[in-house]
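Here we start with a single chain on its own, the form predicted on its own, put down as C-alpha cells.
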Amino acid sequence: MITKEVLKEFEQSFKAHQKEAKTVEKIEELRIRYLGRKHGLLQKLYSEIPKLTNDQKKEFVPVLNSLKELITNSFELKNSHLKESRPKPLNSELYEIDPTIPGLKPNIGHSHPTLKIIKEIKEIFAYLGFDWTDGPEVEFDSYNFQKLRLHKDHPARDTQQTYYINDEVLLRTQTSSMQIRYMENHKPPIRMLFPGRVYRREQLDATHLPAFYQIEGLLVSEAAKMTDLIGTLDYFVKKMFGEKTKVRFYGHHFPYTEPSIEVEVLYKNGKWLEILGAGMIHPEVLKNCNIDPKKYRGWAFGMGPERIAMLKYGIEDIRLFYSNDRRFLDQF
C-alpha cells in the first residue's frame, strides 16, 4: 500500500544504494532493480495506484512521478560522470593528438659498471687471442690453495681469511683456482681469462668488500717470457686508461709465481696506485697440473674489476657498486 512513509523510505533506500554503485556494471544492476518494466521496485508501486482512492491518487501519483524522474536523472548523471572519467581511446575523434610533442623516452636498463669493465677487459685481451671461462665459486681446498703452493701450514693462508664450509671445501678466495682446473684438462698453448666472484673475510670499508669480482689471466706456451708479460700488461693499461697513462712495475712475491711483479698506474691526484699482480708461473704449479715445466713456461696475472672501475671513473667508495642507488648506477 502506498503511503507517505513508504514513498519516503523508498527514496532514502534508493539514495543509499546509489552511493554504493561506483561502476557501470553496478549502476546497470541498480537501474534494472528500480526501473525494470516487469519486476522493478518502482513498477510495483505504480501497480498499487488502482487500489487508491481519488484523493490518494491526487496526493501520491505526482509524488511517485517526481520520484521516477529523480531516479531516472540520477542514473543518467552517474553514467555520464563515469564515461568522462574513462581514458579516451587513441582512435577516438575526441582524443587530441599533437604530433610535434616529443615521445616519452623508455626507461631501459643498462649494464652495471663492474660488468662494463669486465666486458672491456675481455675485449682488450680478445684482441691478443685470449678466450674466457669461469668455474665453481664453491671450491676444493686443493684447487684454491694446495696446488698453487699454498699448503695447509702456509702463512699466506692467514691473509686470505677464507670462508670454509668444511675442512676440504670453501668459498674460493681467488679465481686462480681456475688456472689449475683449466691446465688439468687442456694442453698448451693456453691463453685464457677467468672472471668471477670471490669471497674473503674482509672488513667492509671504502676499499674492501667480503665478496667481489676478480679476473685471472693465464698464458702457457713453450716460449712464454717475462718481457712478453710486461708488454702485455703495459698494452692493457694504456688501452683501459689511455695511451698517456704512466705505468710502473716492481718486484713482489706470490707463492704461485716466480718471479712476481705488481703493476701501478699514476693516478690523477699524483699518487701511484696498485691495480694488479702478476708473474711467471712457478714450475711446481705447472707440474701439479701435469704440464712439463722443462718444456713449457707460463705467466699469470690477477686484477679486481671494481678497483679498475674506481680508477677509470673516479669512484672513491667501492660500496657504491652494491648500494643499488639509481643516482649512482644511472651515471653509467
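Numbering starts at 1 and runs along the sequence shown. Keep in mind that what you see is a predicted model, and the values were worked out from it rather than measured.
The same protein also exists as the form predicted together with 3,4-dihydroxyphenylalanine; that form is not shown, yet it is the one meant from here on.
- Across the options 31-39, 273-281, 45-53, 58-66, residues that bring heavy atoms within 4.5 Å of 3,4-dihydroxyphenylalanine in the predicted bound form belong to 273-281.
- Within 4.5 Å of any heavy atom of 3,4-dihydroxyphenylalanine in the predicted bound form lies no heavy atom of residue 191.
- Taking non-hydrogen atoms only, residue 216 approaches 3,4-dihydroxyphenylalanine to within 4.5 angstroms in the predicted bound form.
- With a 4.5 Å cutoff on heavy atoms, residue 254 counts as touching 3,4-dihydroxyphenylalanine in the predicted bound form.
- In the predicted bound form, 3,4-dihydroxyphenylalanine stays beyond 4.5 Å of every heavy atom belonging to residue 305.
- With the partner omitted from this view, the residue of 174, 114, 162, 232 that lies near 3,4-dihydroxyphenylalanine in the predicted bound form is 174 [heavy atom within 4.5 Å].
- Taking a 4.5 Å heavy atom cutoff to 3,4-dihydroxyphenylalanine in the predicted bound form, the contacting residues in 282-309 are 300, 301, 302.
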